[in-house]
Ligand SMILES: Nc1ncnc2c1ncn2[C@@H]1O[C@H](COP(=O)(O)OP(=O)(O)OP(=O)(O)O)[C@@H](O)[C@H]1O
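Shown next as structure tokens: one chain only, the form predicted on its own.
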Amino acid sequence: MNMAVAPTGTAASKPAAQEVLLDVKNVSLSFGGVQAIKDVSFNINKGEIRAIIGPNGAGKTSMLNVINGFYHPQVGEITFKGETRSAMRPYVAASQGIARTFQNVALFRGMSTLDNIMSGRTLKMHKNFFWQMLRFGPALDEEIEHRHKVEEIIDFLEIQHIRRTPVGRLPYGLQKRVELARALAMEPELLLLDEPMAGMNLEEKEDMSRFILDVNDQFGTTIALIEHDMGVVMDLSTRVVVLDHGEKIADGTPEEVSANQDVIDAYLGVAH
């Protein structure tokens, strides 16, 4: 098959410019005398899977907490969808399209899978408390609409068989999947995943990796993830930023980062 090749130097030969969804600029965060993040800058392009890696205590979770408003940095700013801010409340971040999962599963253990995922639709519900209490007319119509969306997510993540099961009875790998489902119920533009593979066996990791790729591909969701499994990072991520003791030591493609001597010395130990 013959393929036309654009001449060198033409517009067709240049990669399309990437749209920056989130830009972190010179962020520093400290707790008392402990510096968790030191003058870190990086960006996340729309539609990519951006990995954040580094040894324990590197500041990775602190960075996610800054992005979605749990922590407020003393220095620096974040620009999300063109809006620059120095700090934001978590509910504001959620309302603007940032959702996250947690390193330790944070679900309502006594509630069913279905009800846990429905809780992710809260910000999408607009009928007032009076209508919600009556569960009649407009409020009932709204609930049916949201339940339909939740059922689509349940089908997508292949958890139909546990939809009525209290999540406290589920194995850890399925709890992680339910937490992902709840985050997806918010219909985020930016999804923050804090160690989504932690504690999983090989089969569970393969399933979660597949779902993350499908979320990125089919929903067009931009993803930032913290992950220690370098095989997962190499397979999933578009670009990788590496933190060590709160400082950025590398930023690039998975191949570039895995060959970086500073990263090998600080985190990998051997070349990957």
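The model shown is predicted, which means the values in this text are computed figures rather than measured ones. Just count from 1 along the sequence shown to find any residue number.
Note that the form predicted in complex with the ligand isn't included here; everything after this is about it.
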* Could you tell me which one of V215, A36, V40, V233 places a heavy atom within 4.5 Å of the ligand in the predicted bound form? => A36
* Asked: Just one of T165, Q103, Q96, T79 has a heavy atom within 4.5 Å of the ligand in the predicted bound form. Which one?
  -> Q103
* To do: Kindly confirm or deny that Y172, A181 and F211 each have some heavy atom within 4.5 angstroms of the ligand in the predicted bound form.
  => no
* To do: Using the partner position in the predicted bound form, report whether K46 sits within 4.5 Å of the ligand, counting heavy atoms only.
  => no
* **Partner contact for E195 in the predicted bound form: the ligand, 4.5 angstroms, heavy atom** => yes
* 4.5 angstroms heavy atom contact with the ligand in the predicted bound form for F156 -> no
* Answer for H228 alone: is it within 4.5 Å of the ligand in the predicted bound form, judged on heavy atom distances? => yes
* Quick one: find which of 203-211, 58-66, 233-241, 216-224 has residues within 4.5 Å of the ligand in the predicted bound form by heavy atom distance. => 58-66
* Going through 206-224 from first to last, which residues have a non-hydrogen atom within 4.5 Å of the ligand in the predicted bound form? -> none
